[in-house]
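Take a look at this one chain, the form predicted on its own, written out in structure tokens.
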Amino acid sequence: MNRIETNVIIIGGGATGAGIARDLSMRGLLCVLIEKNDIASGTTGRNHGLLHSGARYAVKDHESARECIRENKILKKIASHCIEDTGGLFVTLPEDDPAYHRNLIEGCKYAGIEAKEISIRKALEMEPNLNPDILSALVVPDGTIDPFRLSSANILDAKERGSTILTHTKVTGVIKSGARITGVECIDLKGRKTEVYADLVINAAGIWGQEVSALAGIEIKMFPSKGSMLIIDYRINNVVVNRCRPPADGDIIVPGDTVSLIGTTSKEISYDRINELTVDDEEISILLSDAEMLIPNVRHTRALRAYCGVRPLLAVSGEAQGRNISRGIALLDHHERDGLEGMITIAGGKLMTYRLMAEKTADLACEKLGIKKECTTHLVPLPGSEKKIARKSRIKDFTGIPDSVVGSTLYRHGQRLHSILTKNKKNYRVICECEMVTEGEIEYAIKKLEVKDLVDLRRRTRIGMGPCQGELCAYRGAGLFQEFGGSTPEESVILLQDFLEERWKGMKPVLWGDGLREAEFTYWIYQGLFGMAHMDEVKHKKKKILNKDILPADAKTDNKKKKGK
């Protein structure tokens, strides 16, 4: 069994866990972050990517609204390559209560959010596809943020400062010494077990934090609220469009890279369903019909996929309904709360306040460890956002490379562009035409960004996230894992199959019309042309190989004895 010793263990690789790793590493502490799947594979990666101005909370949750606008301003400075400053509109439809418009203005003023009334004509100039029958419009400093890029940049910074990142590794138990937690036990996908010892364990596992705390004999009560979203096949709006009414289902359309996202629903679910989430037909109908009221052109688009996440909410003031539970931050010191030293839990909050949650958690961690260093994450840019690259410099450094390739790579990785692109034609060969992902970018992601499979690669580069959903780029990407990731041909085929199955989960709820025809074409390519139907034989062979590596020595001996009989 492997053994690692460090200062702090962080359980959970969402935005908050990644932010904590960065914050603590900037204060000189060594961290080991453990994530059972991939970075941002949980709730962090299952939202609509809104850079909140706080206006959505301004009427009912003033504290959350103030937190959002403060973090909004900070993130625009330190994470510029993860953000598109689109601006946002709140529009009142004929079906809405006009009084809410005035309440929203007052709420924004109280929270310190700059909200400006504009004419309907001006709103239609800002967003031509908007419903022309709107009654009023309000401009707010909303934007969009890529949660995958944001989390990856935090992880990259923490890693470059000495932190260790263990993805696809599950915590299976905690190690105690009396009334103190001293470490955790974990296991990776290949069955390799590791014990990690530290002075402090931080539970930043989001909704799964209830399970992590249970390993230590601690009870934390989460109230899961499922939110479903829909992606349409092209970018139908360039400004975030919100419906000016109390938060409800289907009241926002967010532009995200090459597509638009319709969100979101809120449905209370039991805790035992958090790993088996599905999007209901009713939710899809609500999202499409309500979105069409905001932007009528939605009826002419193709639904690419539907997905859902679960909000890690803690009830306050007796409330237990999804939209009524505070999005506020809950920081628990288990020494004070449960008499168990060596562990703290961070829960609640939202993507928008991840940095603030990390700061508060790191402050408590440093206090408990006797470290006297202040947080600087609000001042130091993330890797890629150090400084903007002028167009003249881009032309000079990358002459000969298509500007669309340079622009897309710069958009996703900021200043790290210089670590990715070279004038070698093989380097800037396009692998994903929808998102302009190059071979060089894939090499960089596999070698530098904790990428273990094609699904991880999708989160780092957006390969397979455009209109074709990986139809023409997945097999190319799988092949590159042999060159850059050390995979065998058989392993690359399995990576491809797993990726296609994961994509299918999101496409299945929206299979009709053009979407169904596209899915049939993809099926023909991979089953008819490439013979994926025969890959079960390869998978079975791979399992036999893995079993030889995973089985402990005594189990192998027992198997030999059985065969001898």
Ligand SMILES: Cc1cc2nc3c(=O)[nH]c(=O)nc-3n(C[C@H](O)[C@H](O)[C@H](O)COP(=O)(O)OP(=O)(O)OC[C@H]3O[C@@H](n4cnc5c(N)ncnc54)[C@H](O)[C@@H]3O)c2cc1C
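Since this is a predicted model, take the numbers as computed values, not measurements. When you see a residue number, it is the position in the sequence shown, counting from 1.
Quick note: we don't show the form predicted together with the named molecule, though the next part is all about it.
The named molecule is not drawn, but in the predicted bound form it has no heavy atom within 4.5 Å of Pro509. Taking the partner from elsewhere, Thr301 is found to have every heavy atom lying beyond 4.5 Å of the named molecule in the predicted bound form. The named molecule in the predicted bound form is approached by Lys170, whose closest heavy atom lies within 4.5 angstroms of it. Looking at Gly54, you'd find every heavy atom of it more than 4.5 angstroms from the named molecule in the predicted bound form. No residue in the set Val240, Leu261 and Cys473 has a non-hydrogen atom no more than 4.5 Å from the named molecule in the predicted bound form. Shown alone, this chain has one stretch from 194-202, 124-132, 92-100, 343-351 that lies within 4.5 Å of the named molecule in the predicted bound form by heavy atoms: 343-351.
This chain lacks the partner; the member of Arg462, Arg311, His81, Arg305 within 4.5 angstroms of the named molecule in the predicted bound form by a non-hydrogen atom is Arg311. Although the named molecule is not shown here, in the predicted bound form the stretch 220-236 places heavy atoms of Gly227, Met229 within 4.5 Å of it, in sequence order.
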